[in-house]
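In structure tokens, one chain follows: the form predicted on its own.
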């Protein structure tokens, strides 16, 4: 192999939560790993991530995603402990159950119908979410004063939360502790394959070689995927999030639009906007986010907003993940999803071993991008 190449067992393109988790999972199982990242100019999905480890509404009509999310949530406790031990940075994982609050009878009934569909697509006893009427909700959360329109909530004990910032920081530290070579400001621009079978990635001023390649660059995946016979049917979706000043801890659970960090700040979100690659934050959208959450918890109105921001999620046509190995370039994999925090534990401890083995397991077959071909034909 050419001495000018930087060689390793695997190259992961994309240094966000998805790529970081996969690189960490590969490295802790003994592979030498190169992690390439284009730097802070990247449209990082973690900037719009609300920090939920969320299960109870994941995968309606797609049982495989429901199972995958549940599996990751179940792995998260050990994953967080291992990550903290390797990096010295805690991802602040908590698993105390999650609520999706409803306003009015129509929202409550619509939510109940969703949960019935979720129950019906799983074996008996597997799906644990349930509806909670207002009277029970008030008993479960006695420290919270709910607005008059709150009709109840759905609740799942499987749900939790983590800090996207601390998770990303911890992943980078843990990767380096495990010997991963991290190259920032190295945007991958070309991928070829040499006669011996190794992939050659040109990134910035350097070239890198490895027999395994993982594309985990989020919204940057489409042009890279074409180079190795893969598909990346993704689009950006803008999400906005607001954070308040610190206050005494009153909410120890997880909420779909509101959660409180251990230090006391309250995170409010998040929007779903089809705005292309526009990352500008809009005060009117943030106003809608704040208004809804104040209807749920009126006492939030006394807190000052410290800041708000926007980021871009990575969305497929049906919103579910895509995992594939290339048929024309074996050894090249793609991993893309909008739930990088929820799925981080599964990416590190369930997906990474499959990449090492050189084949995705049968349980991953529903996640192929070929499912979109069927939809188009239909």
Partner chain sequence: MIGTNHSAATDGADADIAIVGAGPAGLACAAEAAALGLSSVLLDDNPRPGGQYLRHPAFATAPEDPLGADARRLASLLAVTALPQVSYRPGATVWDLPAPGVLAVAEGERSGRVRAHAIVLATGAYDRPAPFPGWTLPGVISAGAAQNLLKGMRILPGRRVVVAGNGPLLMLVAANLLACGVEVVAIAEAAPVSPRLWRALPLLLSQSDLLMQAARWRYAFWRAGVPFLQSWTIAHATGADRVDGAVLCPLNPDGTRDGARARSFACDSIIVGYGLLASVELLRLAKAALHWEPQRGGFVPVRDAAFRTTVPGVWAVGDGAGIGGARLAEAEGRIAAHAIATTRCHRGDQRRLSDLCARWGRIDQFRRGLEQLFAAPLPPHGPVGDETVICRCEEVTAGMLAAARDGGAESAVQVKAATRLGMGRCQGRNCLPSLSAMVAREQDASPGEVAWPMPRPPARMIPIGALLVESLPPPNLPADPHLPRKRAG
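Numbering follows the first chain given and starts at 1. Since this is a predicted model, take the numbers as computed values, not measurements.
Although not depicted, the form predicted in complex with its partner chain is the subject of the following passage.
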Look at the stretches 303-311, 186-194, 224-232, 203-211 and give the one with heavy atoms within 4.5 Å of its partner chain in the predicted bound form.
303-311
Triple contact flag 100, 274 and 283 to its partner chain in the predicted bound form, non-hydrogen atom at 4.5 angstroms:
yes
Just to confirm, residue 268 within 4.5 Å of its partner chain in the predicted bound form by heavy atoms?
yes
Test of understanding: in the predicted bound form, would residue 111 fall inside 4.5 Å of its partner chain by heavy atoms?
yes
Touches its partner chain in the predicted bound form: residue 52 (any heavy atom, 4.5 Å):
yes
Look up in the predicted bound form whether residue 248 has a non-hydrogen atom within 4.5 angstroms of its partner chain, and give yes or no.
no
Here the chain is shown alone; which of 85, 128, 165, 140 has a heavy atom within 4.5 Å of its partner chain in the predicted bound form?
165
Which one, 121, 219, 256, 151, lies within 4.5 Å of its partner chain in the predicted bound form by heavy atoms?
256
Counting only heavy atoms, which residues in 314-353 are within 4.5 Å of its partner chain in the predicted bound form?
315, 317, 318, 319, 320, 338
